[in-house]
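Next up: just one chain, as structure tokens, the form predicted on its own.
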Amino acid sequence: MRRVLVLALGLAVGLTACARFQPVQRDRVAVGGGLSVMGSAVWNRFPVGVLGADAAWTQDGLPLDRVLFYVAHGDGTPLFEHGRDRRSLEYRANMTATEIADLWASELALAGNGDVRTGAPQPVRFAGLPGFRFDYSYANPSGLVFDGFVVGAATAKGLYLIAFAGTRAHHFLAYRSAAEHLIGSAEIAVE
């Protein structure tokens, strides 16, 4: 009887965890703050605020791969949202792309990640606007190594970023193309 109870409890916890995310539809998806992207059934969406982002999507699970959306962060607002134990570093409207990359690296390090590295930002178009892109890598507290990239733009509405990361051993290379397609479909509505 006890074994059945433990099995039932385990199943209930597993189903609850699965219910936290929803598959993304193959349509234009509003992320927030006027940002939208073309969805695809390969992505699953988590509730707002997961991993400190405005939205978080994954294919195989957030511990392995993720696309994080940061939408219209205004001057003086935290880049990542955190619990009461630590406040996120703040974005400033006058930051350069290099300073934003440094802010990103600092946040990753303060979150307990090691060997955080960012590449030099390069100018790119993001959602039809002049933007930037930089690569990054880090090792999580368990030692799992991730590679990723951030694409974004600072607008009159605030800072928009979309970041993709996946395990170096598999997920980054396996899902990079899907992430590039997703980010390439970004649009920011003008009001």
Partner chain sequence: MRWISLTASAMTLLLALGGCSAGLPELVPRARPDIRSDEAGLWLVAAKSEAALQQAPTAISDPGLNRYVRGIACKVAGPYCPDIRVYLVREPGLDARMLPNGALQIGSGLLLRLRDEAQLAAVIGHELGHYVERHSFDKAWRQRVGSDIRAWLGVLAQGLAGGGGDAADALMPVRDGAFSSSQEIAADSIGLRQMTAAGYAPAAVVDFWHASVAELGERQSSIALRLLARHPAPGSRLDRLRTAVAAVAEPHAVRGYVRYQAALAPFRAAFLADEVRLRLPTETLRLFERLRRQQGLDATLAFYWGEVYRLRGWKDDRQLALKFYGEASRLPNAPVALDRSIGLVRRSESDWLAARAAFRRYLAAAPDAADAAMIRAYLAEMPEA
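Positions refer to the first chain, counted from 1. For clarity, every value in this text was computed on a predicted model and none was experimentally measured.
Below, we turn to the form predicted together with its partner chain, even though it does not appear here.
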_Whether 89, 116 and 122 jointly form a contact site for its partner chain in the predicted complex is the question; each needs a heavy atom within 4.5 Å._
yes
_Please pick out the stretch from 28-36, 66-74, 157-165, 135-143 that is in contact with its partner chain in the predicted complex, where contact means heavy atoms within 4.5 Å._
135-143
*Could you tell me if residue 97 has a non-hydrogen atom within 4.5 Å of its partner chain in the predicted complex?*
yes
*Taking heavy atoms and a 4.5 Å cut-off, does residue 79 contact its partner chain in the predicted complex?*
no
